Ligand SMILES: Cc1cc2nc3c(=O)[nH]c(=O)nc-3n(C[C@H](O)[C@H](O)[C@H](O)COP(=O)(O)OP(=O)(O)OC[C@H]3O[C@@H](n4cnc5c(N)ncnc54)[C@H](O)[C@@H]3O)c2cc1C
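Single chain ahead, by itself, as structure tokens, in the form predicted on its own.
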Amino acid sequence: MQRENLSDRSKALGLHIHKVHDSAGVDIFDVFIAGSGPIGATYAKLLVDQGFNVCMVEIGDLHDSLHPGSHQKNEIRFQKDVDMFVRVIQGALSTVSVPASTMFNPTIDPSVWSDPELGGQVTISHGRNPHQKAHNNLGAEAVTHCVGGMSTHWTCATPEFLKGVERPQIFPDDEAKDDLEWKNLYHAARTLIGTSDTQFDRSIRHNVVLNALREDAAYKARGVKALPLACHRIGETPYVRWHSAENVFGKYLFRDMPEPKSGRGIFRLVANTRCSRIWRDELEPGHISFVEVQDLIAAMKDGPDKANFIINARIFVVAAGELMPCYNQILAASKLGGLRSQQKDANVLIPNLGKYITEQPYISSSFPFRELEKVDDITSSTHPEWWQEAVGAHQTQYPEDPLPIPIQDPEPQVTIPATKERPWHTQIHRDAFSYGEVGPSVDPRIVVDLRFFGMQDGVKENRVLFEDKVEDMFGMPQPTFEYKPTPKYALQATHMMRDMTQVANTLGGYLPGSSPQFMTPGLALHLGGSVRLGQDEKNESVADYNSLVWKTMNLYVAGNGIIPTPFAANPTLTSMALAIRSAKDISDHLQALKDHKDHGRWRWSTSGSKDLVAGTDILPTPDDWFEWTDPKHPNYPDHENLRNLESIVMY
């Protein structure tokens, strides 16, 4: 849409054109992206490197960390005491849907207000949702609002999905083609986020856990190994740099402003800005014309009426996470589907929005090593030279310490890979979550956390609805969950609990108060399925395997919600892999527009032609799209030299 036409429609809607257009000197961006987590950053990085102009909006703040989107656990104090990071995670999370409560209290002052008929008024303050029932809620499901999203405090675990169980089938009729596609996509995703399984090789605790499990024939047969993590160690030190959306953005996205270099496009990230609504073309409903955004700072200062703007683009990617504000929420606010009032609307554009959600039954426990079998062996002369040197140096410096493990010995990071017989993901480590800090009563050097994640198949009854008459804190439709585990996966969770207790008994004894327990549903923060991909719209999906929404020409969805299969492993790597594939499709579309070539896939995707609908061009990603994964390529992600680690002096 040309600038003058955009101006006319914006005036008719009472909106203004956002100043980012003038700032960038761009009348129409090639790509608009909602959301700045690792998935949105994947699209931005790859498309800007291809020379396309990208505008990204994020509802959170740009300055929550030293660099945009960086992992907050990289701060020195958290490197020295990981339990301190628990408070950071707790402060970063906002619960999605809280059942409304009553104000009735029989012991309160009788003069205090209450509803005489109801015996206490049901309230909706502080995000409480009067439509949410407690029995089918995902009570611990939460979101983070900042540049980088959850990646600013995630565990950095980046396993691949298990073929035949978790991994979606892009090419279901050709196993060899599907395997090759995933091999290439996973390699590219690992390169982009910087995944490694060797960064804890010189950790005494890590090797104690590995060896203990490998000495047990049952676990050795299951292939116990190091947990793949997005991080790198700083030289020979005990410290690591944890990776995040910052690593995906890379060196250049924030440095090339205002003039692009080396053939890269222009990139703008607009923070403290809500993506409010997607506007469709008045003549062609399958074509998105522009998005409406709200400057939240301006809304506080000048009022909402003067803070709503339009951003114009050719392609629109909604990668804002699962919930609040998310792709589901933005699409629902745009009246494309998912609203409670649209449940029986046969003409809604996206009828499956928010349906078939998947979740992860989640068990957690903590335990100290069994003393005689594990700790006493640490001083053995049979260990490698680096191990003996580390123990000797610690005993020399702290001769009265009865525990021979160095104070800053890196934590264990171990996993027992999922199998078809035991399809759950395991993390055996010592890390910070929103719960479970050890406290001062037990030396954290001997404590190991067990976290097991199960899966849940997407069924129609499990869904998230968006309320027409209740808003969240940002003025968007309030999500309401309707979720209940299916019998098959409920039983599987029982088997998972049995497996965890056996692992724990192999390694040590339970920490008081940390016996194995099922955590509140939603606490894994890995909600999936709500905008699921599929081979055709009839299989009740939202988009094709290029992530293009059915019946649309230029609207893409991205993130964990697009995964259509049940999964137990951390989904970020898989979501990034699918984003890499989708970015290629967008690049092809934009290049065709630049070359003025007929590209029927998008032009006629809503016309009803059997040959030219979304999903007909599901092809393998070509090798040249992965050229940047070569270490010699100028766009290769250099994680170890991403940022200067020297001290910053403020005058």
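Quick caveat, the model's predicted, so the values are computed rather than measured. Counting begins at 1, following the sequence as shown.
This next part talks about the form predicted in complex with this ligand, which is not shown.
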Partner proximity in the predicted bound form: Asn570 to this ligand, non-hydrogen atom cutoff 4.5 Å = yes
query = Is Ser514 one of the residues lying within 4.5 Å of this ligand in the predicted bound form, judged by heavy atom distances?
reply = no
Gly528: touches this ligand in the predicted bound form, heavy atom cutoff 4.5 angstroms = no
key: Ile446, heavy atom within 4.5 angstroms of this ligand in the predicted bound form   = no
task = Work out which of Pro479, Gly454, Gly338, Gly148 lies within 4.5 Å of this ligand in the predicted bound form, going by heavy atoms.
result = Gly148
ask   = Of Thr273, Gln199, Asn462, Ser334, which residue is found within 4.5 angstroms of this ligand in the predicted bound form when only non-hydrogen atoms are counted?
value = Thr273
note = Within 4.5 Å of this ligand in the predicted bound form, heavy atom basis, the matching stretch of 47-55, 30-38, 587-595, 617-625 is 30-38
ask   = Can you name the residues of 153-177 that have a heavy atom within 4.5 Å of this ligand in the predicted bound form?
value = His153, Trp154, Thr155, Cys156, Ala157
